[in-house]
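As structure tokens, one chain now follows by itself in the form predicted alone.
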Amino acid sequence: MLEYGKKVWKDGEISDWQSGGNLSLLTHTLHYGVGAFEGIRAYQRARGETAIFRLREHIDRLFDSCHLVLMKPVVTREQVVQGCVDVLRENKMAQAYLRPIALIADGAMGVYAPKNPVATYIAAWKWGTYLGPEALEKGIRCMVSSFSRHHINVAFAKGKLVGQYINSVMAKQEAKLAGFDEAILTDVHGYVSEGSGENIFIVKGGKLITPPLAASILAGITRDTVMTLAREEGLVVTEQFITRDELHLADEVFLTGTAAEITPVREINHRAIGSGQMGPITRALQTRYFDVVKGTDDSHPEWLTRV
């Protein structure tokens, strides 16, 4: 059961969940899947202050996703940025997961409803370790899914869009029913894309490798963060296509995402990855990442919006 904030934001106004967070049954997005959303974490850092991590980048991506599907929010980027801060303050939450979402509201039905209004909401809830309480230390077990990521001519891979996540839901269900923690999806050509809700990295010979943005992947903000931190640590970071057998033969594998943070993968398709536990490069990057987002590392103040 989610422990969610009782105040929500809609198009510039704060209201109670019961009055402002309820939607019509005929909300267009509910039927046809055209909507855009983000997931953002606010952390209470070591000195006690609350900071939202890379808020501006998330809201820029929200508006980019809207642009891809011809949605035009009635609010500005700056209003949504401030809305995220306001939701935390109104709910008195020192740390939380924020969910801005832009929806096509009710009005006309049918797949073409160009005059339906676009409504933008922000909700917040408390969310711990996304992939389980022991995942960040012990790592998780993954399987390569039978589902493929959408071809780039079929869907907008760079959009964080509501309807596209059916693909992720099916892959995740398949993995869980088979006894695994998470799914890894390939593209239609068989190259590794990402997890059901995370980007993926492998370590081989001391080098950090991740699929390129030209692949069918979301341009992850945590992905970008990890690549930046890795280069600062002196690691060679390469973007290249990865085959399934390269996953099995990697020295280390980890997943990244706002919800998943940096989660090591200890096994894929019943094959241990490296030593079968978190590797040294994964550990070093995870430690640095957490020190930036909720510790005392102030090397990237541009990534933190203080509440």
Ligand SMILES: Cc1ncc(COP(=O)(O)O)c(C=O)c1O
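Just count from 1 along the sequence shown to find any residue number. On a predicted model such as this, the values are computed, not experimentally measured, just so you know.
Keep in mind that the form predicted together with the named molecule is missing from the display, and what follows is about it.
Mapping the unseen interface onto this chain, Arg141 falls outside it, with no heavy atom inside 4.5 Å of the named molecule in the model of the complex. None of the heavy atoms of Leu88 is located within 4.5 Å of the named molecule in the model of the complex. Under a 4.5 angstroms non-hydrogen atom cutoff, the named molecule in the model of the complex has Gly197 among its neighbouring residues.
Although the partner is absent from this view, Gly279 stays clear of the named molecule in the model of the complex, with no non-hydrogen atom inside 4.5 angstroms. Scanning Arg266, His28, Arg45, Arg61 against the named molecule in the model of the complex with a 4.5 Å heavy atom cut-off leaves one residue, Arg61. Of the residues Leu103, Val80, Ile221, Ala123, just one reaches the named molecule in the model of the complex with a heavy atom at 4.5 Å or closer; this is Ile221.
Only one segment in the set 269 to 277, 236 to 244, 66 to 74, 255 to 263 has any non-hydrogen atom within 4.5 angstroms of the named molecule in the model of the complex, and it is 255 to 263. Each of Arg149, Lys160 and Tyr165 is positioned with at least one heavy atom within 4.5 Å of the named molecule in the model of the complex.
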